[in-house]
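One chain comes next, on its own, written as structure tokens: the form predicted on its own.
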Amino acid sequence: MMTYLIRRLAYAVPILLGVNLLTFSLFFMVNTPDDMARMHLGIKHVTQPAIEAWKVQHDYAQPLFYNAREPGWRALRDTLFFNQSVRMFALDFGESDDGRNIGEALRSRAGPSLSIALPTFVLGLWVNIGLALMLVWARASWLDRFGIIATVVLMSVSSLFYIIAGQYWVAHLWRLVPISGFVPGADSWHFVLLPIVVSVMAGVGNGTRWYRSIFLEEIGKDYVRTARAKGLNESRVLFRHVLQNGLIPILTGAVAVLPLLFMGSLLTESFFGIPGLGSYVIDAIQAQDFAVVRAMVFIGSVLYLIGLWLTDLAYTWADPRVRFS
């Protein structure tokens, strides 16, 4: 198994190189540094000397892949691809277009994002799985039919509605929590409580319906009928057998949300004024700060590959029958 996991880690290197190369092509070949300079300088200040000065100021004046003016190894090192893409493998993200260190901004903003994302993930998982098991336990009853209708309705409502409704009712009318903002430390729960509740509510419909379909597929299998024939009650069958055997698709689905745990929620952080990574990306897109966007794309790729690796590792815990070679 260890050989398999090491091999999966080795596979991640060419994948990250491919993602980096594709991102570099989009930002520096399709959208050239000259185009970036024109967007930042504005129509009135677009002259060729101004463009060249802007490129030098932001370290965008080097050749793309090969610098013929430099000897030996420096011909590859003093290029845009090395300075803007390869250095990210050493977690050196450089500076944003406004001159701020991207690494420091990521470290300072990771905490607020995690303070929302981790409780949302854990609480949402418990709520969705619990509701799904309840609907499966009461399958074909009025409760199950009502639950199906409710989940479809919740899925049809935009997450933006939950954010605005939560801010209006809970924060504005009832004044239970602040509408927006964030402070570090022990008092941060006042500011993250409403975003967490809103995020969990926004995912209840989709998550409950998906887990319900997983458990319904498991409950019709032979091992469930065998457990019932041995005299086990329905709750023990659901929690001991059905839930355990449904962990494989649950773990697979959890991989998709792993990058979001660290990269933050774009809408939630923006509307609630949380200085996290999600709002950092929104601000960078609005300011056309492509250095920050490239860094976040790279981090998202790394986190997704780590999630796949951890999922393979968790498979052996969830199902002892799974073996890798």
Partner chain sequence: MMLLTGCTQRVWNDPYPNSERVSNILYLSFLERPKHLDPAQAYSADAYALTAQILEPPLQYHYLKRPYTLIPQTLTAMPTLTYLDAAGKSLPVTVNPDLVAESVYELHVRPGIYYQPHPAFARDETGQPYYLPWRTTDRSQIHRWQDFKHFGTRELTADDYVYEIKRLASPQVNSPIFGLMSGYIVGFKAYEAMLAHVANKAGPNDYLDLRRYDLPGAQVLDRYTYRIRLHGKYPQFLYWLAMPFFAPVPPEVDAFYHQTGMAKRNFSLDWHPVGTGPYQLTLMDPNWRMVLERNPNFHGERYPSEGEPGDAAAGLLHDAGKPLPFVDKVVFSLEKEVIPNWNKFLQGYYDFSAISSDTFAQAITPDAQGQPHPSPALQAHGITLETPTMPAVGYVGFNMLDSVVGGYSARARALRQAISIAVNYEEFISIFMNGRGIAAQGPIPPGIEGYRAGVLGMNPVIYHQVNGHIERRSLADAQHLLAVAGYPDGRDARTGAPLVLYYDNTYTGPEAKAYVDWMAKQLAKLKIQMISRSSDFNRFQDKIRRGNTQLFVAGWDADYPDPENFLFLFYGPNSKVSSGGENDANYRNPQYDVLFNQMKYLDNGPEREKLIAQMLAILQQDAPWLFGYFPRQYVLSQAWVSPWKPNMIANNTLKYVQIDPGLRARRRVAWNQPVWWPLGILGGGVLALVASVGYTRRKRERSLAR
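These numbers come from a predicted model, not from an experiment. Just so we're on the same page, rigid core means the largest C-alpha set that superposes within 1.5 Å between forms. Positions refer to the first chain, counted from 1.
Quick note: we don't show the form predicted in complex with the partner chain, though the next part is all about it.
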| query | finding |
| --- | --- |
| Partner-contacting position among 191, 215, 162, 81 - heavy atom within 4.5 Å of the partner chain in the model of the complex | 191 |
| One residue of 90, 153, 229, 183 in contact with the partner chain, assessed in the model of the complex (non-hydrogen atom, 4.5 angstroms) | 183 |
| Among 241-249, 69-77, 121-129, 91-99, the region lying within 4.5 Å of the partner chain in the model of the complex by heavy atom distance | 91-99 |
| Residue 158 within 4.5 Å of the partner chain in the model of the complex, heavy atoms | no |
| Proximity of residue 167 to the partner chain in the model of the complex, heavy atoms at 4.5 Å | yes |
| In the model of the complex, residue 109 touching the partner chain (heavy atom, 4.5 Å) | yes |
| Touches the partner chain in the model of the complex: residue 174 (any heavy atom, 4.5 Å) | yes |
| Within 22-38, the residues that have a heavy atom no more than 4.5 Å from the partner chain in the model of the complex | 30, 31, 35, 38 |
| C-alpha of residue 270 moved at least 2 Å between the shown form and the other one on rigid core | no |
